[in-house]
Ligand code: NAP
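What follows is a single chain, given as structure tokens, in the form predicted alone.
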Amino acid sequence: MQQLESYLNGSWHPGSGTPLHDPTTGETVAECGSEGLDLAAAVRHGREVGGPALRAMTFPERAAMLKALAGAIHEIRDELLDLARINGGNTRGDGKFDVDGATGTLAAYASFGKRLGDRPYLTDGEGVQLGRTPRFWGRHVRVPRPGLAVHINAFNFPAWGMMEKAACAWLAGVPVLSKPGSNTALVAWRIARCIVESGLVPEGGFQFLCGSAGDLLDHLGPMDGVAFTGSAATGLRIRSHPNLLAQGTRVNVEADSINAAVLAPDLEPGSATWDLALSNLATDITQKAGQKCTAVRRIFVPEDLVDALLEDLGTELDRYRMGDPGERDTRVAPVAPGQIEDVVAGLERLKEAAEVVRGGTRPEGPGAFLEPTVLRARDAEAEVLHSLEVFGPVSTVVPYSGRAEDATRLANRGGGGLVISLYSDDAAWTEAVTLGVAPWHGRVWIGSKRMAEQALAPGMVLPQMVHGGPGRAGGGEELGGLRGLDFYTQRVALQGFQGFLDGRFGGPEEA
């Protein structure tokens, strides 16, 4: 059995105590643990060794590092896909979604960074006259914070989740200590081995903690930051950690999100926009066994279109075979290790307000499988529909009036989401709903016949666009091009002689 290691203070440290399972067979495939590790020393190592080395590099040099890392990880792609199947229960397609997302994000940030020049700062907007003449001038710039970025990642995307955070931190010049979700850590551990063996990241610029975070947060200070993806309950514990509050340590949280899809009353079954909605909904229910933070949990459908939607969605889902993720024609895999009980319990709670119209059963035999499940709400106002996220292949169709104001009100009852998808060819309806839901969502995906043939699905997080959401979704923000560097840099206002400021701290605006 594989014993996974942590990489801290410049060396590897084996650990044990936490078993990792294959969710298809239930077999134990590895173990990890962090007992006895000196996490205070790891924090110092990152700050004192990794930080100065990264900050000594120019933006183009850091960009070249990211590009080379993308290539190094791509070289072990097939191995990672096998590990994603063994420990995550991923189909090959699900594994590609994770691994290729990781390398693609590294490559994207490499392209962003190579245009930034050799400056040790980023310009932030135009300069402004502060006195009677332009001689007294002001500028805003962003400089890297001399601390450590602690990344606590979720179990569902061990590759992409780790690299999308790291890409932003490294390009900003900040060292990383990455902690994966323990139950699916095999993929993250193999990537960590690849990073260290490549020698591309300066010593101290990357550390890897496989197991419990222990007392790690006790050692962070005002220049450090914690970026967390996971449950709202854990996010709250991190936000309220006494040392983080006392030190003013930055915390970025991406938490639960009861994402919604809204179909407009102008849609007609069989139209291009209708078919786009069907394809995306089926993908969201089945991809990664529904275990995506961007997956649709509530599907709002005008009352007179509900029966047609349920029939067509059922037909679409019939095309998705559930089974062993190692078989090429399998489209629906088991949920991740240790998650099936929560998924089944959540489904039972949803049944209080909705009836199952498709799926909803666990097959006999080994494996953490649940049939792709669609429910129909009996009451659109039922609180459980808008407050419970069942993190599996489960989604609920919620009939509504079709009016823009009702769509907006019901969607926003989720309390804040990562993404909401709208399907309509009615510009007035779409504009009204977009403006109504925008304050409560990090991203609004607008589907219509004009973009149907070229659209990427709403569940796909792109490095060019912001990922995060307000309220229940955690209030955090990641990616978004160079906006992703904001968390790792300090915005500072400079005031002085215009010639000096423009000459020493000017430059092209951020791309």
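The numbering used is simple: start at 1 and walk along the sequence shown. This structure is a prediction, so every number in the text was calculated from the model and none was measured.
Just so you know, the form predicted together with this ligand exists too; it's not on screen, but the next bit is about it.
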Applying a 4.5 Å heavy atom distance criterion, does Gly211 contact this ligand in the predicted complex?
yes
Would Ala336 count as a contact of this ligand in the predicted complex, using a 4.5 angstroms cut-off between non-hydrogen atoms?
no
Taking heavy atoms and a 4.5 Å cut-off, does Asp98 contact this ligand in the predicted complex?
no
Wondering, does Gly392 line up within 4.5 Å of this ligand in the predicted complex on heavy atoms?
no
Hey, with this ligand in the predicted complex, do Arg55, Leu106 and Pro175 all fall inside the 4.5 Å heavy atom range?
no
Please tell me which of Asp224, Asp284, Glu254, Asp94 lies within 4.5 Å of this ligand in the predicted complex, judged by heavy atoms.
Glu254
Ok, Val187, Leu385, Cys293, Ala277: which has a heavy atom sitting within 4.5 Å of this ligand in the predicted complex?
Cys293
So which of 432-440, 145-153, 68-76, 267-275 is the stretch with heavy atoms within 4.5 Å of this ligand in the predicted complex?
145-153
Where, within 407-423, is there a heavy atom within 4.5 Å of this ligand in the predicted complex? Residue list please.
Leu418
